[in-house]
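Below sits a lone chain in structure tokens, taken as the form predicted on its own.
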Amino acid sequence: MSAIITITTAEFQRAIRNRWAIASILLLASLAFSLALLGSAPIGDTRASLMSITTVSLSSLSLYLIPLVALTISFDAIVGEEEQGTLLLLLSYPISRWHIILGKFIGHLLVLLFAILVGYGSAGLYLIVQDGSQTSEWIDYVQMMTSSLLLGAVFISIGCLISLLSKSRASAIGAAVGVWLFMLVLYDLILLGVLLADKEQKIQPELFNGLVLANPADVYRLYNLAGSDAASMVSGVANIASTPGPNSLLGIMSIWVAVLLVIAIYLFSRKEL
């Protein structure tokens, strides 16, 4: 356990000094405040509160931004150490390889947690003072932050896998961008194209729902845009009968994290240096 804590601390300190981490914190904070201010603009009568509007707006933004931030801080977790020649030095210490993977994962997750707390948390406090939000709306906001962190954890795990499978930082960057484009943009377009092409309706609803739930980005979307009454009211997303409950959706994302970490640990244990 002490080895994991040491690696986590070192990784967090190194990552927090990285300009990407600072830029991520500033970006999350500026966008959160911008959405909060835009949501408070008088555009007509609405039953939705400022907190509800901002929660849905931030969840839509986080769907694309959080995975990008997570991949940015984790894509060179292993390959970066390997290129610098510090990985062999790290492995010379009496620690297991799974300690390195887990320590780096937790360190990067703490960086993302810090960015979300500072960025979204400060905007949330502003909304409470400005709007006097109800407790249920504040709970929805916190749940959005929590699910955003869990989504980030999935993509940090993916970043670790990319770093393990890449031979250079340049190829890791390309792979990270490709994964982001596929999972956040192309995946849904492909599903939509298949659905439109299925004029005879041969695709069963259960199969289509399974394909949607196979993408953690879509699971996050369902959780935040169909998981609460307030969010559904603001976003226009109708309740989906076949959608699992909120706890099940969080469980699916947690399973993604666990499976990806197990794969990363297995691959790293067999990696020849």
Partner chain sequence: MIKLTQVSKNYGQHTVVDQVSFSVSPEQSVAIIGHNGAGKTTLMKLILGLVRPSEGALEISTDPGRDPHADIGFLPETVSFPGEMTGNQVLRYYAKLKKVSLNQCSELLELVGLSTAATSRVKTYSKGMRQRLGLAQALLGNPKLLLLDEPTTGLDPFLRRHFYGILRECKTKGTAILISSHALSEIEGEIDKILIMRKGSVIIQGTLEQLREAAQLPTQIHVEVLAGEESRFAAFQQTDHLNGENRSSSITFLCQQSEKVELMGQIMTHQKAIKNLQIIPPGLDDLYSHFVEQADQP
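Residue numbers count along the first chain shown, from 1. Take the two forms, superpose them, and find the largest set of C-alpha atoms that agree within 1.5 Å; that set is the rigid core. Keep in mind the model is a prediction, meaning the values are calculated, not measured.
Form predicted in complex with the partner chain: not shown, discussed below.
Put simply, residue 135 is far from the partner chain in the predicted bound form: not one heavy atom of it is within 4.5 Å. Residue 10 belongs to the set of residues with a heavy atom inside 4.5 Å of the partner chain in the predicted bound form.
Remark: residue 192 does not count among the residues lining the partner chain in the predicted bound form, judged by a heavy atom distance of 4.5 Å or less. Contact between residue 97 and the partner chain in the predicted bound form is found at the 4.5 Å heavy atom cutoff.
With respect to the partner chain in the predicted bound form, the three residues 169, 173 and 256 uniformly fall beyond 4.5 angstroms at the level of their nearest heavy atom. Comparing 109-117, 81-89, 138-146, 199-207 against the partner chain in the predicted bound form, the single stretch with non-hydrogen atoms within 4.5 angstroms of it is 81-89.
Here residue 18 counts as shifted, since its C-alpha moves by at least 2 Å between the shown form and the other one after the core is aligned.
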